[in-house]
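A single chain, nothing else alongside it, follows as structure tokens in the form predicted on its own.
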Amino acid sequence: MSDPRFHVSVSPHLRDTATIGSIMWTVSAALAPQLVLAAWIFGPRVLLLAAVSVGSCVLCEAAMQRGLGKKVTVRDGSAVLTGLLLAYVLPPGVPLTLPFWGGVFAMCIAKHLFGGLGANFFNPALIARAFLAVGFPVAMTTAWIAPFAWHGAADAVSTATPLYLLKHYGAAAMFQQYGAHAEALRHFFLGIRPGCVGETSTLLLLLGGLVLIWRRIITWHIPAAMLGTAALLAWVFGGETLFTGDPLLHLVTGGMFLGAFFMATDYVTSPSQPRAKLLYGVGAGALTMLIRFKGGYPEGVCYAILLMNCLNPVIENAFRPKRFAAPLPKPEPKPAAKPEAKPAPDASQKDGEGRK
């Protein structure tokens, strides 16, 4: 019977109009303004980079599903969203072969070899970025484009991100290049700064995340816990890395908001219970700041979320929800079996034994 109205599952029966397609396309729509802004800041080549990434993911999704004998479901938007997120975590000046191979790794290895949608162990876009960072380290760390450099004839691919300057040269060097404290924060919040394609404008990412919370696609637990933990640790342990202990610099630079609202909240690789989500977000925020302060990379959001993906099954199991039904009664212990009494010997046997 193909009519979905007659598909009956085990109680309790919960009705919802949301589908995989509606969720995926809504998240992609919430991310779309960031792509338009990135194209205006870094040049129209960003649109080509995103098209290659999305196209690679869609083609690989269809090829893997057809090869594995499954129904092709590229219309549900999950492959499009993965390709869009992959493009958002790449520097805008990388060669176009990188988003292509990243899409191949994300869909063929990280998703379908684990069982497809709902069975992947890691976030496909982030694990693909980690793969590209290992396989193409020079392109992934030097292909930064200065804002609006594509308007002139200057070399666009030779600049440092704010987090790089903040980590290696301190806040003074960063403010020397990007203006005074208030001016730098305003530029970073609006997105006028070098960085990955999708981590420029904190304002657009915040608005997109709030739309997802309003539509009840995600909850506030993971973003609030991740951002709050990162801000607290930056304020407590920032030291000379920060400007008078201001945690805003670490929140509006890098991929903090992109990771908190759109990466760490992935349904498959994050917990489902509110308390588990809070713990998951705290762990992601703490690991991000640990990598930024003590690690070799100036950014830590990608690897922090991947590490929390590994811990997700443990966290989910520790906060299992209560049963809807009443607990089964404990079986009553069975009474111990009494030993059988031995029959008394006959008198004739005793007389015979006595005579003997």
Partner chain sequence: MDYFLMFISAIFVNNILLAQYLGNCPYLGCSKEKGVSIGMGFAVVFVAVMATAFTFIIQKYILVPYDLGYLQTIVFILVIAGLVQFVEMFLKRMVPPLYKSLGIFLPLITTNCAVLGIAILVQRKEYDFATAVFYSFAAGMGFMLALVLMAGIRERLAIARVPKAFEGTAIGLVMAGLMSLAFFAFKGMIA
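Note that the structure is predicted; figures quoted are calculated from it, not measured. Numbering follows the first chain given and starts at 1.
The same protein has a further form, the form predicted in complex with the partner chain, not shown here; the description that follows concerns it.
In the predicted complex, is there a heavy atom of the partner chain that lies within 4.5 Å of any heavy atom of residue 296, even though the partner is absent here?
Because a heavy atom of residue 296 falls inside 4.5 Å of the partner chain in the predicted complex, the answer is yes.
At the 4.5 Å heavy atom threshold, is residue 122 in contact with the partner chain in the predicted complex?
Yes, residue 122 lies within 4.5 Å of the partner chain in the predicted complex.
Check whether residue 52 has any heavy atom within 4.5 Å of a heavy atom of the partner chain in the predicted complex, and answer yes or no.
Result no; residue 52 lies far from the partner chain in the predicted complex.
Can you check whether residue 112 is within 4.5 Å of the partner chain in the predicted complex, heavy atom basis?
The answer is yes: residue 112 has a heavy atom within 4.5 Å of the partner chain.
Based on heavy atom distances of 4.5 Å or less, which listed stretch (276-284, 195-203, 128-136, 211-219) is in contact with the partner chain in the predicted complex?
Careful reading of the contacts points to 128-136.
Could you spot which one of 164, 144, 257, 105 gets a heavy atom to within 4.5 Å of the partner chain in the predicted complex?
It is 105 that has a heavy atom within 4.5 Å of the partner.
Taking the partner chain in the predicted complex as the reference, which of 48, 59, 39, 311 has a non-hydrogen atom within 4.5 Å?
By the 4.5 Å heavy-atom cutoff, the listed residue in contact is 311.
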